[in-house]
Structures are given as C-alpha cells and as structure tokens.
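Shown below, as structure tokens, is a lone chain in the form predicted alone; questions about how it binds or moves come after it.
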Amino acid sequence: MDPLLLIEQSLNGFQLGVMLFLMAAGLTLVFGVMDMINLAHGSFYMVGAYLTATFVGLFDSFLLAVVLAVPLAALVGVVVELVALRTLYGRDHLDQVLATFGLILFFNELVKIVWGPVPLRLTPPEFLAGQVELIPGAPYPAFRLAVIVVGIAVGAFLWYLIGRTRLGMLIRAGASNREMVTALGVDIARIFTAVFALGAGLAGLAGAMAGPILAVEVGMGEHILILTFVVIVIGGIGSVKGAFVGAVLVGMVDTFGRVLLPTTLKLFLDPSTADGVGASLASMAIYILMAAVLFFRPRGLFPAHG
C-alpha cells in the first residue's frame, strides 16, 4: 500500500474509532453502573445532530451550536431516565430491550414531526473546512482532525472524572455494589441520573461531530448503535479504557477492511465481483474481531470499571 494512503486510512480509522468512543463511553457506563440495556442510546446521537443543525441555522456558529446542543441532549437523557427508564431498574433485560426499542420508534417519529423526513445538511465551520498537510503530500480534512482531538480530550476528561474525582469514586462504587453504597447514605438514584445524563451528552456530542461528515437524518443512530455494542463487548462492559481501545480497534479494522479486501480480491476475481465480495467481508470483519476477542477474553479486553 502507498505510504500516504496508509497514513490517510489510519487517520480515517482512528477518526471513526474516536466517534465510536464518544458513543461507547456513555453506553458502557450506563450498562456497567446501572445494569441497563439502553437501545435508545443512538436516539440521543440523532437528537444531538439535529439540535446542532438547528442552532447552526439560527446562530451561524458551529461551536455555539455544539455548546448548546450537547447539554440539551443530556437534558433529554435526564427526562427519559426520570420518566421512562427509572421504573426498569432491576427488571429483566428483556423488559429493558423492549422498552428502549419503543423509545427508538418514539424519537424517530418525534424527529419527523419536529424537523420533517428530509435529511438536513450540516457543514463544518469555515475555519475547519479546509485541509491540513500533516505530512507533505498528504492533506487531510481539518474537521476530521478536530473530531480526533475532541475524542482524545473527552477520553482524558473521562479518565480524570472516573479515576480522580469523588463522583467517579461513587460511580465505580455503585457499579461494584450499589446496595452497600445506598446503605452508606448515598443517593444512588441521583448517581444513576448523572451517569445517564453524561452518556446522553456524549452521544449528543458524537452526533454533533458526525453531522458534517454524515447525513443528519431520521434513524441515523441505529447503525452506529450496532457498532457501539460491538465496541463495548470487545472492550469490556463498564470500562472506559476498554471502550477507547475497542473503538479504535473497530475503527481500524472496519476502515482497512473496506480498503484492503476489495483490492486483494481483485488479484483473484474480476473487479465487480471483488468489490461486492470485499464489501461484504469488510462488513463482517468487525464481528469476526469480536468473536476472536471473546474466544480468548470472554469478558472483553478490559472488564474492570474505570
């Protein structure tokens, strides 16, 4: 492979991984701390993208739009947790799956009512609209680099929050033994709400950053939700570090699979067949990776909380 193409695809894979990490970090905390399977997590991603597009149209400022959209997505998460999900704690996982699947349908229809069925166009801010030459002869979109920087910053923030603050200590304790934490006088319900708001806000941030790269459309959260579950299974449920490592692995495998497999198969098959088979195999690659990881590490790479 051409070295410049290798660098470009590595950055693409890392950028996809960072995007998945923004989704997976919140979902793995909700799953690990609250023992809640939340299929509606992708809906907060969609809401974040739509709110960002709306605020960009109102204020003509992408940064201001993100600053407004992320806390609003977190607030939507708080409302959902208080109204719909709090009654599901301690219930069977099947009940949680059915209830949160219903929330997906609800949010999709709500978005159609508020914004309509036509996808919205969201462009990156002008100062990130160009390209940056990290290496001479290898320009890379500035906005994708910004996504990578944001993801790394969020990872550092979560590392500090979970590992170095009192709230992080309570989150880890609640994940390990919620009954003991409650017995010590901690309001575990408020901890759950804070964790859910954090997860929804991170999903909203992921949607805001994905808007200029992908289409802002109804149902956009479903596809990335599947990849997000793959990430947290690979990384280990409840582990932020595992979410980051798993997300980068999935991003790299998915990106290089789509580039290398069709090219390799063209050595043996005609181009049209190679493209079709290569695309199918590339889609399977991340699930093969997940199966391989689970074969050797049934609880994921980093099953510990933190």
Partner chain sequence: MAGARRRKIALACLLGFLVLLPPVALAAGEPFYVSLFTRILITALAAASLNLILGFGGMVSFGHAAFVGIGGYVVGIAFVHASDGTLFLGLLPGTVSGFVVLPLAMIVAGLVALPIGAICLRTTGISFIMITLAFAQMLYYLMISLRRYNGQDGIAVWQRSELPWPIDLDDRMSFYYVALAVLLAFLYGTHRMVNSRFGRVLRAAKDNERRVRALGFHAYRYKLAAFVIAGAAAGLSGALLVNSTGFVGPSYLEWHRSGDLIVMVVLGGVGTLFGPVLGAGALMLLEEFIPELLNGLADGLGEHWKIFLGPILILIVLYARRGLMGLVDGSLGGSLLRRLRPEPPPGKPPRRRR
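Quantities reported herein were computed from a predicted structural model and do not represent experimental measurements. Numbering follows the first chain given and starts at 1.
Separately, the form predicted in complex with the partner chain exists; it is not shown, and the next lines address it.
- Among the residues Gly163, Gly137, Gly130, Gly90, the one placing a heavy atom within 4.5 Å of the partner chain in the predicted bound form is Gly90.
- Taking a 4.5 Å heavy atom cutoff to the partner chain in the predicted bound form, the contact residue among Ala153, Val118, Ala215, Leu98 is Leu98.
- When the partner chain is considered in the predicted bound form, Arg190 lies well away from it, no heavy atom lying within 4.5 Å.
- Contact check for Phe229: a heavy atom falls within 4.5 Å of the partner chain in the predicted bound form.
- Interface membership of Ala142, defined by any non-hydrogen atom within 4.5 Å of the partner chain in the predicted bound form, is ruled out.
- Contact between Ile237 and the partner chain in the predicted bound form is found at the 4.5 Å heavy atom cutoff.
- Heavy atoms within 4.5 Å of the partner chain in the predicted bound form belong, among the stretches 217 to 225, 165 to 173, 144 to 152, 197 to 205, to residues of 217 to 225.
- In the predicted bound form, Asn177, Glu179 are the residues of 161 to 200 with at least one heavy atom within 4.5 Å of the partner chain, listed from first to last.
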